[in-house]
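For reference, the chain that follows is the form predicted on its own, supplied as structure tokens.
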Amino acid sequence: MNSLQLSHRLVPELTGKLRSRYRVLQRVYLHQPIGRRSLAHVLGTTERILRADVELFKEQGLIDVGPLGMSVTEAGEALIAELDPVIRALDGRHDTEHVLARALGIEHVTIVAGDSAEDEIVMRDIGHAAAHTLRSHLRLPCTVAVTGGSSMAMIADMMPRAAQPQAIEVLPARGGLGERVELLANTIASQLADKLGGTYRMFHVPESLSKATAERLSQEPSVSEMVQRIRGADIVIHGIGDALTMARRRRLDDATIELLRSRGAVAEAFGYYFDAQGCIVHVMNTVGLRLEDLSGIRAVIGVAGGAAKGAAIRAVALAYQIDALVTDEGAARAIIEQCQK
């Protein structure tokens, strides 16, 4: 039994206060700069209740208060990082991470509190945790390939800005979806490179192509050179999608969607659709990273949250090796329940 557990037995209210203050400080960090009224709304409390914690944080040099609101100082960021494993242990998430890692065969699993499908704030937690996971895998010089989507956009948003330039090249793993520009892999690659102090390259190729067009494009020297750079990346960080949701986002025709449904597709990643056992049931004609390329990449990081994503996460973990997973409690519970059945 460690000292924290002993303290909890003697002063049980201590851990409750620790959790409460950690949550307040973390929310300031995730939403900075933020005013006290907005923070109270985020936490579902009142400004009066927050006042004592905010004053304490100011006295301890953990936050700065400016015209735009409160921001966490370097000392505050360091404290959040030090307390994170303690809070995960108190919440039981540390044990759940080990259970999930064994169930999925993934070396490193990080679970944030909550369910991102029910609370959009949890997605910021996932982005912050995924940014930390990515930074922990960087070995300079290196190349990072990133896919598109809302999870990846949140990582770029939550990534701390590097103090100086770094030998990091960020590449889009594939062509872009026909959706909002801020969710495109090209956009996210440029934003992530800016935060990391690195460089980036664009890949202006549509994601969904006919087989003949994909083959012709692959033979173009500039496209071929870019594809080889992507396939030689040191790190790949990608989102995991629900199969039918992604099919609709890609505007696949009704016949293909019905095919996916009939074959039991539950997951999508890199343009591949998988059933619950991790078997490929459909492949899009694309130019970019292929499933077989992943075996030669040093670190593959998957990011997804929400209970509805549980089946998709488990399917891709069965389909190919993931080295690190960042998810939330909603997805973790769904996966563990599925494994127990």
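Predicted, not measured: the structure shown is a model, and the values here were computed from it. A residue's number is simply how far along the shown sequence it sits, counting from 1.
Below, we turn to the form predicted in complex with the DNA, even though it does not appear here.
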Revision key, fill the gap. In contact with the DNA in the predicted bound form (heavy atoms, 4.5 Å), from 34-42, 286-294, 308-316, 271-279, is stretch 34-42
Exercise for review: May I ask you to check whether residue 70 falls inside a 4.5 Å heavy atom distance of the DNA in the predicted bound form?
Suggested key: yes
Exercise for review: May I ask you to state whether residue 66 is within 4.5 Å of the DNA in the predicted bound form, using heavy atom distances?
Suggested key: yes
Review point. Would residue 298 count as a contact of the DNA in the predicted bound form, using a 4.5 angstroms cut-off between non-hydrogen atoms?
Key: no
Check your understanding: Applying a 4.5 Å heavy atom distance criterion, does residue 46 contact the DNA in the predicted bound form?
Key -> yes
